[in-house]
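What follows is one chain in structure tokens, specifically the form predicted on its own.
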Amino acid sequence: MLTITYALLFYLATLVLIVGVAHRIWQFARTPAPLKIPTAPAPVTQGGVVLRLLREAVLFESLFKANKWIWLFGWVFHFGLLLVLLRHLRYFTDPVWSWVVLIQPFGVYAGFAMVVGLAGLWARRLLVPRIRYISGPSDHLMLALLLAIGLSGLGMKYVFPTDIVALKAFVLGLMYFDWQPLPPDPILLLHLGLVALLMIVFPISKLVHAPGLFFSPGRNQVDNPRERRHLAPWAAKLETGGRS
């Protein structure tokens, strides 16, 4: 029953994550941008916009200019999370890809970096008055959820080791619809349950800013209002209809 419960839970969580994120991206793509509002200084070519979005997604450029301490904690968390996710690919591949094997030691340290970054971001919401004022319960709950996932993962590594061979068999079994027994370790069950919960709430939380960044008018618009008139698609249809 334990294996069946978690197998069904992860199938449900995966479905919700994929469909939910796809729906949010569809909403972002269909939302009109009636004004030309690129955040200055803005690029004047499409290639410049692509580079700007890359710098924002990888280096958090605007956050670096705004506040160095928040940028440091935010970048440490996101970079640590990226390495942790890449390290977990060993559970989904057989044989394990060579580059995944190479990053295994770095992925362990990235787990600590992820927790430190989260702690700094949460302290910011608790200690900075203006940030505390605009922080709602959902902000604290998401940080608590991410921190619990990181701490439970580190706990399995250093405090309560689990059978990773059996765990990998369970994960591969989910992928190939050949269910294998899940180790009944409490901390593993807690960790997997928290991960499934994160996957379910991701599409309806502020964490969906990850794909939303690329649809921000202040970031993805070319600064060319003098050279070319900006007209939203819905406004263009109205204008065309009026002329006809």
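Bear in mind the structure is a predicted one, so any value in this text is a computation, not a measurement. One-based numbering along the sequence shown.
Below: the form predicted in complex with protoporphyrin IX containing FE (HEM), not depicted.
Asker: Does protoporphyrin IX containing FE (HEM) come within 4.5 Å of a heavy atom in each of 9, 13 and 195 in the predicted bound form?
Answerer: No: no residue has a heavy atom within 4.5 Å of the partner.
Asker: Which residue, 57, 51, 175, 29, is the contact with protoporphyrin IX containing FE (HEM) in the predicted bound form, using a 4.5 Å heavy atom cutoff?
Answerer: After the contact test, the surviving option is 57.
Asker: Out of 204, 210, 44, 35, which one falls within 4.5 Å of protoporphyrin IX containing FE (HEM) in the predicted bound form, going by heavy atoms?
Answerer: Looking at the other structure, the residue within range turns out to be 210.
Asker: Can you say which of 160-168, 103-111, 86-94, 140-148 gets within 4.5 Å of protoporphyrin IX containing FE (HEM) in the predicted bound form, counting heavy atoms only?
Answerer: Careful reading of the contacts points to 140-148.
Asker: Going by a heavy atom distance of 4.5 Å, is residue 70 a contact of protoporphyrin IX containing FE (HEM) in the predicted bound form?
Answerer: Heavy-atom contact with protoporphyrin IX containing FE (HEM) at 4.5 Å: present for residue 70.
Asker: Could you tell me if residue 154 has a non-hydrogen atom within 4.5 Å of protoporphyrin IX containing FE (HEM) in the predicted bound form?
Answerer: Although protoporphyrin IX containing FE (HEM) is absent here, residue 154 would stay clear of it in the predicted bound form, with no heavy atoms inside 4.5 Å.
Asker: With heavy atoms only and a cut-off of 4.5 Å, decide whether residue 119 touches protoporphyrin IX containing FE (HEM) in the predicted bound form.
Answerer: It does not: once protoporphyrin IX containing FE (HEM) is placed as it appears in the predicted bound form, residue 119 has no heavy atom within 4.5 Å of it.
Asker: Heavy atoms within 4.5 Å of protoporphyrin IX containing FE (HEM) in the predicted bound form: does residue 81 have any?
Answerer: Taking the distances in the predicted bound form, the answer for residue 81 is yes, it comes within 4.5 Å of protoporphyrin IX containing FE (HEM).
Asker: For 154-185: residues with a non-hydrogen atom within 4.5 angstroms of protoporphyrin IX containing FE (HEM) in the predicted bound form?
Answerer: The stretch 154-185, when checked against protoporphyrin IX containing FE (HEM) in the predicted bound form, contributes no residue at the 4.5 Å heavy-atom cut-off.
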